[in-house]
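A single chain comes next, written as structure tokens; it is the form predicted alone.
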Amino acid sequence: MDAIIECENITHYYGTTLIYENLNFEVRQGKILGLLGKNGTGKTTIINILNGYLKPRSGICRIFGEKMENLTPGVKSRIGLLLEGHIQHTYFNVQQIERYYSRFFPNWKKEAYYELLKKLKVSPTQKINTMSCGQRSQVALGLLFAQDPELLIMDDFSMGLDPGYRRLFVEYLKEFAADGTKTIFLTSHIIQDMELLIDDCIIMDYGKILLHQPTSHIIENFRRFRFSADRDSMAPDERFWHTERIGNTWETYSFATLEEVTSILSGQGAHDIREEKLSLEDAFIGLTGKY
């Protein structure tokens, strides 16, 4: 499969504050990749760099082989972009906004737009600014589907949505990507939604990527281990993440097996070692910490 997005050695600062240093990753065709990170780790920044809205201090990003600062109109027409806030031009009504966007995309499929909006039970003349946040998000999604892009880039796509709208959004995105020709790169603070949707996961910490793995690999292999130990500290080990004492019990996170963890911790006086499976949200906390 071809690499649709390529980021090489991206270094970026806001003033004197380092956001990334030598950040490298790619997104291959047909994949749904989720970018996860705490507030301030630069998720929206990388999306702005990808789209040419920001120029990094050094490094290069490419989309469909073109550098981000010189995307041609032809490549831009292959990209569907949804930024925080979901939709602009809210003074338009349902019909007007469809006609407006249709002029920018040669392969426009208005049927996809109106099919999705049937679920909203709104008048074609209803203005966007009179809709709820969830309804506006579906208008935005309908516009993206009508564009029929090869690449969807979505920043915090579930922001402000209730559980029903979030689940509807996820289901439509999964159907959109089902044939394997579409590529989706997205962020969200609702990691439960991401677990239902994404194939691969990038987990960011401040200034770097902690992990870039298939979501299934993380869920199947990353574990929390709880144990007891009559001591105030445990010797650090690079195979463990965020080892800490909570009351009378210790916990740590690891990709190591129960047998390997037991062997390591027993040597430090640990006992009653228990392994726990994790959701993607639990794994995210285990990798990045609670604070």
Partner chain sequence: MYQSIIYKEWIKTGKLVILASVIFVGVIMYSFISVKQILRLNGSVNIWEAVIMKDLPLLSTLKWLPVLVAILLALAQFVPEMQNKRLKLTLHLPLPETLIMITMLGFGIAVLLFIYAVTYVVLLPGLGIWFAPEIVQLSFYASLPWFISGLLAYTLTTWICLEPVWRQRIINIAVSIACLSLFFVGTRSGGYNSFIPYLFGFTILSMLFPFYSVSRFKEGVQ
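This structure is a prediction, so every number in the text was calculated from the model and none was measured. Residue numbers count along the first chain shown, from 1.
Absent from the display: the form predicted in complex with its partner chain. The rest refers to it.
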Query raised in the report: Every residue in W108, A146 and S158 with a non-hydrogen atom within 4.5 Å of its partner chain in the predicted bound form?
Result: no
Report summary line: Partner-free chain; cross-checking its partner chain in the predicted bound form, the single residue of H242, R239, R231, K55 with a heavy atom within 4.5 Å is K55
Report summary line: None of T41, S254, N48, T262 but one has a heavy atom within 4.5 Å of its partner chain in the predicted bound form; the exception is N48
Report summary line: TL;DR on 222-230, 28-36, 262-270, 65-73: the one with heavy atoms within 4.5 Å of its partner chain in the predicted bound form is 65-73
Query raised in the report: Contact between L211 and its partner chain in the predicted bound form at 4.5 Å, heavy atoms?
Result: no
Query - its partner chain contact at L83 in the predicted bound form, heavy atom, 4.5 Å - result: yes
Query raised in the report: Should R103 be counted as a contact of its partner chain in the predicted bound form, where contact means heavy atoms within 4.5 Å?
Result: yes
Query raised in the report: Heavy atoms within 4.5 Å of its partner chain in the predicted bound form: does R99 have any?
Result: yes
